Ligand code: 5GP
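The chain below stands alone and is given in structure tokens; this is the form predicted on its own.
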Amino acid sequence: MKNIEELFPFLDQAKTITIVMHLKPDADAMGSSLGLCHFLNQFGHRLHVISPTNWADWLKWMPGAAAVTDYELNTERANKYLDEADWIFCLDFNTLARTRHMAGKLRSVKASKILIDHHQEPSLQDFAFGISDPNKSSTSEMVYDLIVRTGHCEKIDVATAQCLYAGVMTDTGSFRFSSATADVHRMVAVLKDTGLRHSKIHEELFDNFLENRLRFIGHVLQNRMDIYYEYNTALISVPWKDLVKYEIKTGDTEGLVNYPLTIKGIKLVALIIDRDEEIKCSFRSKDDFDVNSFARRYFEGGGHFNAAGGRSSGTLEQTVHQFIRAMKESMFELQKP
């Protein structure tokens, strides 16, 4: 994979560019993709943004979100955009498999694929150019850094700032995590100088749900959470019938995995959800427990040191048993003070 800076001299030459994010995008995936789109649009490029799947309603406020193509709903149109592209930017995923049904198409297209991502262990052979930096808080921070390095900070308008702020703010846990470095706060200061109203973005992201979601969370915390104090671990397992009963939509379970981290002494949290089509897993940790390695070893997943995801082809009950075995095998790391 070549250095992304080799593309800088060609930024002012009009091209057809497609920007792709990972499936079920979160605020960082959508924010970094749309932020990059707004920036590149000022150079006169022809731009398209594709999500492999649908996305949460609370992301639809982002400038440009209405023009994003859902690959599963509009496969023919999305494939056309991929076929016509000169460059394909791949944001916030480290392997093409994170685009689900789009992965095969991405492998076959002739366009140069350009990686911008902060997850560990990327498949570098899949990309012609790019940058991978697991030390960065978010892909949105990386897009901001990219803009700075091109020497075109003046092109950061309010729309770009809104998208990038949403991504970096959510991926740092509202600036709580250790990844919220001094550079992140300096970035936010620059974004604020564009006229960004950060409080409005917090409202759009966190105060924009229906009553059923709050009742679902209460039900889950009361009835679906188990605490294993001897392993400093919490487990939430959600059956498909709960999602149906509370009419849970894409994005409604966002943040649920973080609730047990507020319990004193808890070092590892797992959220296992039966999505009907497959079992999805989310992992969070504190201190020195590496959930990236944990997810890769036991659940066909990965991500970051303290935040990762995975999957299982078994039933919910089988996956829970699998997690309990994995937890017990990790006893030494989990019990370390």
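Residue numbers run from 1 along the displayed sequence. Note that this is a predicted model, so its numbers are computed, not measured.
There is another form of the same protein, the form predicted together with the named molecule; it is not shown, and what comes next is about it.
Only one of H119, K113, H152, K267 comes within 4.5 Å of the named molecule in the predicted bound form through a heavy atom, and that residue is H119. The listed set A65, A307, A56, L40 contains one residue whose heavy atoms approach the named molecule in the predicted bound form to within 4.5 Å, identified as A307.
Of the candidate stretches 219 to 227, 91 to 99, 152 to 160, 77 to 85, only 91 to 99 has residues with heavy atoms within 4.5 Å of the named molecule in the predicted bound form. In the predicted bound form, S285 stays away from the named molecule, with no heavy atom inside 4.5 Å. Among heavy atoms of D70, none comes within 4.5 Å of the named molecule in the predicted bound form. In the predicted bound form, the named molecule stays beyond 4.5 Å of every heavy atom belonging to P52.
Heavy atoms of R311 reach within 4.5 Å of the named molecule in the predicted bound form, making it an interface residue.
When contacts are defined as a non-hydrogen atom within 4.5 Å, all of H22, K280 and G302 contact the named molecule in the predicted bound form.
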